[in-house]
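The chain that follows stands alone, in the form predicted on its own, written as structure tokens.
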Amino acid sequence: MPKETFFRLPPARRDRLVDEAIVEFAERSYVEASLSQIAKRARIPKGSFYQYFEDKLDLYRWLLTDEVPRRKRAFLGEDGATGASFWERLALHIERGMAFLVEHPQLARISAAAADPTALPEVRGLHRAICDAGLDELRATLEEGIRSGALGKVNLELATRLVATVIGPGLTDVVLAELGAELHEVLASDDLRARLSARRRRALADQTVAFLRSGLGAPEDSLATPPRGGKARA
């Protein structure tokens, strides 16, 4: 984690260091990423870096477990879901997840890398922890659905892992098939991401939630999806 000296940096200098680290880890694998390049682009001596972090792994761990998730949570929170039903909030969350990919491709690259398995012993456990944290968040969301009566009686652990597969790699595969590209190509191409429009994201989110509602045993009187107000984002 960052040392106290990192937090005492002037905000502009601290933000520049973080932004350049994000660029480096988004463009290169952990092994290929270079502290020298980060320091050069952040306009600090490489030796100064060790006043702020222990080493490259320390910086990478902090980005994956703190900074990138914090930025993603802030983005996903901008969904206008106040007063919405459980299912509508879930649809908005899925829609915003796709919007995050479109609007913040560098952060999305790092998030995607966090979910990939690796043979590197120093980061293998870190990647597993990131995936487990995502499952914990989803589990809490489904528990809320059970308490509210939006979900029927389900095996929570099974439901958590199945839903994670549907809204994670499953939905990603659908999007990539529609775009006719691999994920790294989509994250590198403004034109490809632009094809995942707000209207299409909303349609995919609604279709995904309709599928989940039928599969998770929602009470029959709540199966009809209520109209969603507001205009889609451009």
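Everything numeric in this text was worked out from a predicted model, so none of it was measured. Throughout, we count residues from 1 along the sequence that is shown.
If you look for the form predicted in complex with the DNA, you will not find it shown, but the lines that follow are about it.
Please state whether all three residues Ser34, Lys46 and Lys56 have a non-hydrogen atom within 4.5 angstroms of the DNA in the predicted complex.
-> Heavy-atom distance to the DNA in the predicted complex: all three under 4.5 Å.
Is Arg13 a contact residue for the DNA in the predicted complex, using a 4.5 Å heavy atom cut-off?
-> Residue-level check for Arg13: yes, a contact with the DNA.
Looking at the partner-bound form in the predicted complex, is Gln51 within 4.5 Å of the DNA by any heavy atom?
-> Contact with the DNA, yes.
Counting only non-hydrogen atoms and a 4.5 angstroms cut-off, does Leu9 reach the DNA in the predicted complex?
-> Yes.
Okay, which stretch from 202 to 210, 161 to 169, 182 to 190, 35 to 43 lines the DNA in the predicted complex, with non-hydrogen atoms inside 4.5 Å?
-> Stretch 35 to 43 is the one.
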